[in-house]
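Next up: a single chain in structure tokens, the form predicted alone.
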Amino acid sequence: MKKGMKNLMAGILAAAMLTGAGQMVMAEDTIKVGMVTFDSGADAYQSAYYDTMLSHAKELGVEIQLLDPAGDATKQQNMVQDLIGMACDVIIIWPANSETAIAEVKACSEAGIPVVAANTDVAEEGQEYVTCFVGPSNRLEGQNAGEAMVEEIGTDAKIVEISNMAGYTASIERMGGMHDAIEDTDIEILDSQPGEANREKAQQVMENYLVKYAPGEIAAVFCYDDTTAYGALNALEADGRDDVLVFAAAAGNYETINYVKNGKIRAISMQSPIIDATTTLDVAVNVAKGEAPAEYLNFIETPAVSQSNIDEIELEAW
């Protein structure tokens, strides 16, 4: 896998007029950006990301075609073919499935259209067809939150985890980062069940854990996003179990800041969709102009927060 870490912010300014959702009418030489999102209606993060893409495209004076497969990997493959047919200058892909996205990026490459992987990378076998990745370092998010957990519960404790969807790179990498954080400790993971990034499902998983493990048996639950953490908290509060602390790899909801402030979530990495989207579009426009970034991986900042530093974090609300 190509390696590197670099925040890269660049852009161009031109006059523009927005005429419809996801589409802009420009001069003939205007850069045309195509993008397939993951599921813009699924949560606040993805909705803000989608809206920011539209508004930032207007600011930059570029034409943008935004297509949303609503999390369906097959639909996403068809939409990529549609964007290829539109003769886009660059295509941004936020994979619905990192494995199936290999065929998508290969098709773009064969059509001579550069690809920017957004937010979640394609599987390693497909990265040869991708110009660069822009988004969070999922592994670092998991590691930072995991280290904060170790600092609070100690190096000899038992925990459970609630994972996310199978085949989703972000979840896999965040899990790898948390496991890195506890590798040289005596922390034992007693159980791991998928919450599928769904609050209700995560709540059910946590309820089952609370039946299986009596008070005092587990020190913490580690979740891989804040939606999952909300579900775990619902179960803990309903059962009156304040003996289990909640940690999470990454937050996509701005309101999670309040959960950290009141101590319900002990530590988490904050991830801004506004920074994510604007940085991605800036990079994609430069790629379309033939100015590829020096490194494959271009990570946005995702500061780890806890009660000790939450007041120092300044992020635009979404």
Partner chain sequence: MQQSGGNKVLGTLKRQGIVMALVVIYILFAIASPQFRSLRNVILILRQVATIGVMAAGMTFVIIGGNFDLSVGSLLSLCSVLCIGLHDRIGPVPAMLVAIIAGLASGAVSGFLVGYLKLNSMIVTLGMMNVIQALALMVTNGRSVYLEDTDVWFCQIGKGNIAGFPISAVIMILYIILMAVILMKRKYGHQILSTGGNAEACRYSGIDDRRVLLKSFVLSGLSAAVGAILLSSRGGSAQPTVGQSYEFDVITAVILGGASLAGGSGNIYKTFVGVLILGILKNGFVMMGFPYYVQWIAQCLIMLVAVYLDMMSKKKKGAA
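Being a predicted model, the structure only gives us computed values, none of them experimental. Numbering follows the first chain given and starts at 1. Under this definition, the rigid core comprises the largest set of C-alpha atoms superposing within 1.5 Å between the forms.
From this point on, the text means the form predicted together with the partner chain, which you will not see here.
Visitor: Can we say Ser47, Asn198 and Glu207 each have a non-hydrogen atom within 4.5 Å of the partner chain in the model of the complex?
Guide: Looking in the model of the complex, the three residues Ser47, Asn198 and Glu207 all sit within 4.5 Å of the partner chain (heavy atoms).
Visitor: Would you kindly say which of Asp191, Asp180, Glu151, Glu128 lies with a heavy atom within 4.5 Å of the partner chain in the model of the complex?
Guide: By the 4.5 Å heavy-atom cutoff, the listed residue in contact is Asp191.
Visitor: Taking the partner chain in the model of the complex as the reference, which of Ser137, Gln203, Asn144, Thr120 has a non-hydrogen atom within 4.5 Å?
Guide: So the residue touching the partner chain in the model of the complex, by this definition, is Gln203.
Visitor: Though only this chain appears here, would Ala42 touch the partner chain in the model of the complex if you measure heavy atom gaps against 4.5 Å?
Guide: Yes, contact at 4.5 Å.
Visitor: Heavy atom to heavy atom, is Glu59 within 4.5 Å of the partner chain in the model of the complex?
Guide: No, Glu59 sits far enough from the partner chain in the model of the complex that none of its heavy atoms falls within 4.5 Å.
Visitor: Report whether the minimum heavy atom distance between Ser109 and the partner chain in the model of the complex is within 4.5 Å.
Guide: Ser109: no, not in contact with the partner chain in the model of the complex.
Visitor: Taking any heavy atom pair closer than or equal to 4.5 Å as contact, tell me whether Asn234 reaches the partner chain in the model of the complex.
Guide: Asn234 belongs to the contact set for the partner chain.
Visitor: Only one of 181-189, 151-159, 87-95, 234-242 gets a heavy atom within 4.5 Å of the partner chain in the model of the complex; which is it?
Guide: Heavy atoms within 4.5 Å of the partner chain in the model of the complex occur in 234-242.
Visitor: For a quick check, can you give me the residues of 243-260 that have a heavy atom within 4.5 Å of the partner chain in the model of the complex?
Guide: Residues within 4.5 Å: Tyr254, Glu255.
Visitor: Superpose the two forms on their rigid core, then report whether the C-alpha of Gly263 is displaced by 2 angstroms or more between this form and the one not shown.
Guide: Result for Gly263: no, shift under 2 Å.
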